[in-house]
Structures are given as C-alpha cells and as structure tokens.
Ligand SMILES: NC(=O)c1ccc[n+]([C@@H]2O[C@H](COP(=O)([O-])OP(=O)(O)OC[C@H]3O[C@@H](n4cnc5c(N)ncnc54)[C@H](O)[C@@H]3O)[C@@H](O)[C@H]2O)c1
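Only one chain comes next, encoded as structure tokens, the form predicted alone.
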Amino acid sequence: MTTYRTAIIGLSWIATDPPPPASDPVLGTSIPYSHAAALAAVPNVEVVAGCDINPAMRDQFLERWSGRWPGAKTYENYREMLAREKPDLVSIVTPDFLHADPFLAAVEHGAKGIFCDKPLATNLADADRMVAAAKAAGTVVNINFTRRWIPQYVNARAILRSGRLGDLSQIIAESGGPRAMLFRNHTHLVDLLCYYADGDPIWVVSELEPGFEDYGTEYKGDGGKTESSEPAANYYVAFANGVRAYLTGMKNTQPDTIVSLRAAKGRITVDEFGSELRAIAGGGTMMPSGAPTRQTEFLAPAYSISGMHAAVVDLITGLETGRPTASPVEHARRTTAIIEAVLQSQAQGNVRVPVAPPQP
C-alpha cells in the first residue's frame, strides 16, 4: 500500500479540529469534520508538515496531532514547506480569497493530489488559472464541497441519474442564517445546483440582500470572518441542458439547508438530516381517476464513510485508478462563475447576465 506524504497549508479550526466524540464510546467518534481528522482516518496518509503564519496555530496543530503523526513539522512559509517536504498530497485551508497562490505552488512543486477547501476562488481569473495549472500538470483535485460525499445528497443524485423519476426540471435550494454569505455558505448551495443539474450554467438573474445594492462585482470579504462584509442573495440560474434552479438564502431566515429536486415523476427533498421521495398518483379534480394520492418513500443510502473522510479516499482513488473525483476543479469553477454573475446581475439592475463559459 502506497503511503502518501501530505502537507496542510493553513491550520485553523477547519484544518485541525479533532473529531468530536460519538453518542457513545462504542461508536468511536463523530464523522471527521476537519482536514486533519479526515486525513487521520485514512491509514496510508502521513501528514509530514503543516503551515500557518500564526505560531499559536502551529503549536496547536502539533499538540493535537503529533500522537498520530509524531514526525510532523511546522512551517511559517508554505513555499519553503513545499520545497523541503515535496508532499504527494496537499490540503489547502487558507482563507477563501487566498486559495490560488498555495494551489499553484503545490502544483509547481509536484503535488500529485490537492484537497482544497471551498470555494475554489473568489474571482474567475484565479479560478481559471487554477483549472489550467491542474490540467497541464495532471494534478488530481477535490474541492471541499462536502455534500458531494454526504450520503443523502449523493443518493439523491444517483436516483435522478437512474431515470426512475424521469428528467429533472427544477431545483429549489434554501439556505439562511448569518453565515448565508455568497462566498461562504452560499457556495455549498450553488455547488449543489451544479451537482444535480449536471450541466453548464448559462445565465443568472439575481438580487442581493437589502443594504448591498451597490456592493459591486468584486469580492470584498475577509475570508468569511465578518458576516456583514458579504451579501446574501436570491437568484435564478439557467443551465444549458434545460434545468432551471432557484436559490434563496437570506441572512434573516432560519439557517437550514434544504434542496428540492423536481422531476417528471416525483420530487426528492434533501436536507442535513436525510431525504425523502414523493410522487403523486391518481388524478385531480378535473380527472376521472379521482383525487390524487401522495406516495412517500424515505430514502436510506448505504455507506461506510462520509464527508471529508470520503473526499480524501476519493482523491486517492482518483490518483490510483484515474477515476474522476466527485468534486474536480473544473466543476468547482462553475460555482465561482455563477457567483460572479450574481454580482454582475445586481450591478446591472437585476437583469439577466451570462455566466462565463469554461476556458478552452
């Protein structure tokens, strides 16, 4: 079994938090919810180094994980770390707007695989540079849109792809709460639109939350720390394959994540707690077959791993077999392109604007 020497760039909580305890010790721990915890769950991953500009974060990383990886070192400069350690895998957990340079440096220093936290980038120019670099080098990438490895979300897509419900026509995604910022929680929902639509977005109409009418077309956030630095929004997205999607995500609403997938023969509703399929049988008041009846099926996916743990396994499988990963860099670019179009639509008076297509 190949051992993958791994380095982590950025050592904040999402990078290094240990997994919380399970409901009972006999169940082990909860599903890993940080990069280090996910990497630690894979036996043939050895984290050899971590990097952060904050010495307290470096000390905390060693305190938490030196028992699992006793030889791990820490660095202040990621370029120095990459040059000295030459890792096979690199996990990037820097602030939202600082992903591009570490990503490109990891490619330059020969990383075979990159697990980068979401979003890919906060502007399309960076996203396109990252896509081009990974493609040219043959670097395998997963972007951490975590729901692409959470069982109920994955199972819902499998049912749609099976053809059981006929063609998907509409997606309605709901989010909310103070963290419903465009480049924070919204990115997960936008990615789900693309994940289920399974096609290229072509145009967007949007409205930012009140108070952000003049926000402009460039990212002004601080990496997700200050909620007031980024707007929430409502928007409508058209895909080239005919699927239409609506995302509502205002900060003054309940912080749920709910996705409704509407197809010709039924609807699947997915949230953080599970999923169900509903289909209508019979007719309506104008049909001879009588009153319609609702058939509900609660969906129970089969799985043994989930979330970021599954993302790391998926990345390694992609390296070893050539199988496409679940969240490749080209797919993640769609999310950046949609959000850029959301800002442009608002700036132009809430009009329909095209989504920038992939670079040739």
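Residue numbers run from 1 along the displayed sequence. This is a predicted model, so every value here is computed, not measured.
The same protein also has a form predicted in complex with the ligand, omitted here; what follows describes it.
Interface membership of A300, defined by any non-hydrogen atom within 4.5 Å of the ligand in the predicted bound form, is ruled out. Taking the partner from the other structure, the ligand in the predicted bound form has a heavy atom within 4.5 Å of a heavy atom of S12. Contact check for V93: a heavy atom falls within 4.5 Å of the ligand in the predicted bound form. Within 4.5 Å of any heavy atom of the ligand in the predicted bound form lies no heavy atom of D314. The stretch in contact with the ligand in the predicted bound form, judged by heavy atoms within 4.5 Å, is 221 to 229, chosen from 240 to 248, 221 to 229, 206 to 214, 152 to 160. Residue-level contacts in the predicted bound form: of A326, V48, I305, M57, one residue has a heavy atom within 4.5 Å of the ligand, and it is M57. Here the marked residues R148, C194 and Y235 all miss the ligand in the predicted bound form; none has a heavy atom within 4.5 angstroms. Residues V93, T94, P95, D96, L98, H99, D117, K118, P119 are the members of 88 to 121 with a non-hydrogen atom no more than 4.5 angstroms from the ligand in the predicted bound form.
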